[in-house]
Every structure is written in structure tokens, then in C-alpha cells.
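Quick setup: one chain, the form predicted on its own, written in C-alpha cells, and binding and motion questions come after.
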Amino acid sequence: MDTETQILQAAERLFIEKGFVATSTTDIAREVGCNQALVHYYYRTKEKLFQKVFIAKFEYIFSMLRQPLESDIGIFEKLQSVVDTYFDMFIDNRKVPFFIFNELILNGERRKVIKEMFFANATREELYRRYCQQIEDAIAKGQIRPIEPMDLYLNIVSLIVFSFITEPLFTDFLDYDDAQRKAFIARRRTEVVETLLRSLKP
């Protein structure tokens, strides 16, 4: 693996673990075992390095919609698939939800960068348009109640993300072991799906 890739991977680990402010380019260089000048050589500034990590994570999360939307299954099966996909990803990357939302909420400039670099993209716009069309078609067929596609997406994301952000609080307070933590997330997965399905009944 080349040094540039090693720097990017080390930066991702540290940014997710500690956040942007608490991570320095010195920390990243130490993690890789190179000098700080190489970090700046490849990525110029900590901000540019962070943007590369952040945009990649944000894009990966958004792209999870693609497979369910392109499948021929029904609207409720697609909803189940989206929830399962996000749960599976966050189970393997438990700190990513907090990392993404913490940076977006606390940093107005970060939101501007995301808007300019991420949403101004024809492929992503087409993916979201397709999602909206499928929701509107399901409403027209009487399969689900009228709902704004953005509201439904926010409901999905908020229920899933909140499950992972709050999981350390509840499981630590209740002294859960690893098996109980896994059971907690499994229950949350089921509850999220059932809550969403009930909310969409015509």
C-alpha cells in the first residue's frame, strides 16, 4: 500500500475516533509512521484531507439507496432492504453515524462544502429523483399514505441513526454485555421497520 493511501486510511480512523478538531496532522503522520510534511504534500491541509474522508463516507451512506431502488421488489420490501442495509453497515461502523452528524450539526462550513461537492451531482440527483418517483407511485396506487419523500427519508435515517447514537448510553447504563448489546440492536432493527410500516399505512 502506498504512503498516500496509508495517510488517507489513518486519517479516516482518527477523524472517526476523535473528530476533526482533536485530530492533528502530526497524529496522522505518527499513525502512518511518516513525517508530517508528507501529509501536507499529498493533501495540502488537514481540512482538505478531512473533506476527502468525509465526502467519501457521506457518499457511501447515500449510495446505499441504489440497490433497493433498482430492484423489482415491492415498496415495503424496499423499505425493509434499506433498513437492513443501513443497520448492517453501522453494526460494522458504529462510530460513523455520530461522526457524520456531529460534523454536520456543529460546522456550518462543512454543510456548505457538502452541498457544493456532494449534491451538485447529476448521478446523485437522478438517484434521489428515482426515489421520489417510487414513493409517489406507491402513494398513487394506494399502497402507502401521502407523505413527502424527504419526510420519509428523514424518518428512516433518524430512526436508524438514533438507534446507534444512543446505543452506548442505554447499554452502558444497563450494564449490557456483548450479547445483550447485539440483542439491543437487533430489537431496534425490528422496531424501526415496524414503526415505519405502521406509519405508512393508508
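We number the residues from 1 along the sequence you see. Small disclaimer: the values here were computed from a predicted structure and weren't measured.
Below: the form predicted in complex with the DNA, not depicted.
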message = Would all three of Q51, N102 and R110 be in contact with the DNA in the predicted bound form, where contact means some heavy atom lies within 4.5 Å?
response = no
task = Work out which of Y153, F162, Y41, Y176 lies within 4.5 Å of the DNA in the predicted bound form, going by heavy atoms.
result = Y41
query = Of these, T26, Q134, T166, S63, which has a heavy atom no more than 4.5 Å from the DNA in the predicted bound form?
reply = T26
request  = Among 140-148, 167-175, 153-161, 42-50, mark the stretch whose residues have heavy atoms within 4.5 Å of the DNA in the predicted bound form.
outcome  = 42-50
query = Is T3 close enough to the DNA in the predicted bound form to count, meaning some heavy atom within 4.5 Å?
reply = yes
message = Would you classify Q67 as touching the DNA in the predicted bound form, given a 4.5 Å non-hydrogen atom cut-off?
response = no
task = Examine A56 and determine whether its closest non-hydrogen atom to the DNA in the predicted bound form is within 4.5 angstroms.
result = no
